[in-house]
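Only one chain is given next, in structure tokens, and it is the form predicted alone.
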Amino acid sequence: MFEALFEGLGLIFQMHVLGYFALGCIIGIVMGAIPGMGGAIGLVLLLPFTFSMEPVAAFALLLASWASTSTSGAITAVLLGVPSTAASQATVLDGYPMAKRGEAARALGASFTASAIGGVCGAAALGISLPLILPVILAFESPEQFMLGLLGLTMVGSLSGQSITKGVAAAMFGLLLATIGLAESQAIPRYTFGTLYMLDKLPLIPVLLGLFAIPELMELALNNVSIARTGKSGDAAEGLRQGVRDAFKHWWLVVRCSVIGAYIGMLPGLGASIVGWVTYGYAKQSVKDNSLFGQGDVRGLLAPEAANNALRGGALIPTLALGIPGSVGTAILMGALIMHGLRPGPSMLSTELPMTFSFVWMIAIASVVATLILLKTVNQVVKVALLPGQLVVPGVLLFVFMGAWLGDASIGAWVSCAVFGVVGFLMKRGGWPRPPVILALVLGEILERSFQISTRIHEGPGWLGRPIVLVLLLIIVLTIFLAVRGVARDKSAGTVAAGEASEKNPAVSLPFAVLLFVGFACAAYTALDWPPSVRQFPLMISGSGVLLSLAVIIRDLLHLLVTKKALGTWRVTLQQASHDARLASALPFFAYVFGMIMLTLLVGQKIALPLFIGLYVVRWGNYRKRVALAYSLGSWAILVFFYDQVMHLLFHPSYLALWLQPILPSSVPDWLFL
């Protein structure tokens, strides 16, 4: 065993392998920092270049890139409040409030250091567990997967702010969104409204970016402020050192969350979906004072970042040992294994054990190298927090909408992103928590599939008596109890709510609750015509949603009546609510966004996006036309030379392209603007 361990390390320390390894780290850092990209996209881009390479060099490039993306994903989550991938969602909750306080350098230093520790722990878990973990993985069948997904969903209590009712109702909304598309049991479309776009489920990335990115960008645009609300980011070098000290000060929390992340990552199909939320909820419930969680508590940043990197090592175990990829990224890596003549399974634990241990070393070292590179660049990166908001917003919107396009290359992805931007704005202004929606959307399909399989195999609820199911059920009950007790304690202590779902505006919350009530009721009525196996899950969700949204409606109505009594008239009450929510200023912003989507149908993305950015900088930001032109040309260059020529994306076929291509001279490359 130890001989194979050190032989695997020796495979890495070859000059050409180290060169590919360094290149992979740099590519992974860039990919992780761009919204919507992530490790899987990086692997897809790099895989063709490895066809003619030897296996060790090929996997040095691939694994270094894959491991580094988790580390750099914290950049956009902290600085912009935009999760670049689903795995970095929980980082936003405390990372972005720290950046708004001017502590961006501290937040990034802490997250990068926690990522390095998590990566090493994940790799260690991979090395130690390879010969031992197979029985555990095989013990997790559909019943255990359902309960583990349900455990992830119970983290809603930790993400619901001061209202668990709103949090659970938001989770029901996310679960209902997860039922869109063809049903698991029969090929019957559900809630597609006759569109092909929603036939294959609602894509996660456009919804994620719409709910989180657009409302935060709107805040910068409407208030014309920098990310650091103080106007200064403090001493970046000292903040960086403080962040590193934070990670080592709370080392036991970091290690515990790393271990949790590694072992959850071993479970195919679930790991990346819930690991950030599970460890965030665990951290919030396990520390003595969690009153600052969601407001910029560094511990709420350390927990998910450590787990996200540890996940990589754990996720490789079922891929290497069983040939069962648990995510898109590990599926690509398994394809690379087969392409290079390595067969996943017992051979990777016997004859190919040195190669397997080289993978362990690659993940551990890549996490450390990526952290060192990023720590060196923090002084420059945090300057983004001081830029004027009107200059940050259009550039980030470019990456947000192109990230949504990567999630599902159709105009429907942009429409979804914009629509959920409106939903996210209303939820934020109305005090509704947004994380439960995304968490439920991710878990909905897994929960429905594993529930139906469990029920069919065991011919009823007999699977509830399985030992691991009972243990997980006990943990779920304990989690719910701790979450309810925490919220009750905060209310009794008179703690002022801050962070996610902290805004109190019943005049905005009430219409949203009414829309949810109507949506749940219509969903239930529609589901009555479907076969039992198809309607079972939607009816459970919509029935619960109707009751929860009704409870919120009653409470919001009572609060609104109290507010009206204090202000005197309904007119004054509604005017004050509109002013507090900045509704009048939000309408032009959304008009710009939807206008850009309509223009894309006519002239295509390579013209519509730069034109939108130029108009925004001039008309909304009040900058000179020279600045707007430079910004537009830079955006056009990114679209053409990165997204088109490097990534070879398929852009929307606009009406202009259909008309212009037949008459365009062959000497003019149409990829420059079509």
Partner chain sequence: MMNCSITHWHRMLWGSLAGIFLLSCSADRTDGNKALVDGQHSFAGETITLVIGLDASAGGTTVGRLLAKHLETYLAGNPTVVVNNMPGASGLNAHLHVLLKAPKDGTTVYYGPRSSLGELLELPGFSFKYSQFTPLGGVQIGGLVIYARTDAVAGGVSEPQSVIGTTTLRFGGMPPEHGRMIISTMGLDLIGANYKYIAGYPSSGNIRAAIISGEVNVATDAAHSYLNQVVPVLVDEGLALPIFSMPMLNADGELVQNSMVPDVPSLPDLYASLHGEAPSGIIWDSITTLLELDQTMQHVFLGPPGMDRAAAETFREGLEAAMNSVAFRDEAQHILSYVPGYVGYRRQTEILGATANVSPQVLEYIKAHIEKNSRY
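Positions refer to the first chain, counted from 1. Here the structure is a predicted model, which is why all the values come from computation and not from measurement.
What comes next is about the form predicted together with its partner chain, which does not appear here.
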Candidate site 177, 429 and 505: all three near its partner chain in the model of the complex by heavy atom within 4.5 Å: no
Partner-facing stretch of 358-366, 588-596, 95-103, 337-345, counted where any non-hydrogen atom is within 4.5 angstroms of its partner chain in the model of the complex: 337-345
629, 607, 26, 638 - the one with a heavy atom within 4.5 Å of its partner chain in the model of the complex: 629
Listed residue that, although its partner chain is not shown, lies within 4.5 Å of it in the model of the complex (heavy atoms), from 452, 390, 242, 379: 452
Residue 10 within 4.5 Å of its partner chain in the model of the complex, heavy atoms: no
Contact test in the model of the complex: residue 648 vs its partner chain, heavy atoms, 4.5 Å: yes
Heavy atom of residue 289 within 4.5 Å of its partner chain in the model of the complex: no
Close approach of residue 143 to its partner chain in the model of the complex, 4.5 Å, heavy atom: yes
Within 453-470, the residues that have a heavy atom no more than 4.5 Å from its partner chain in the model of the complex: 453, 455, 456, 457, 459
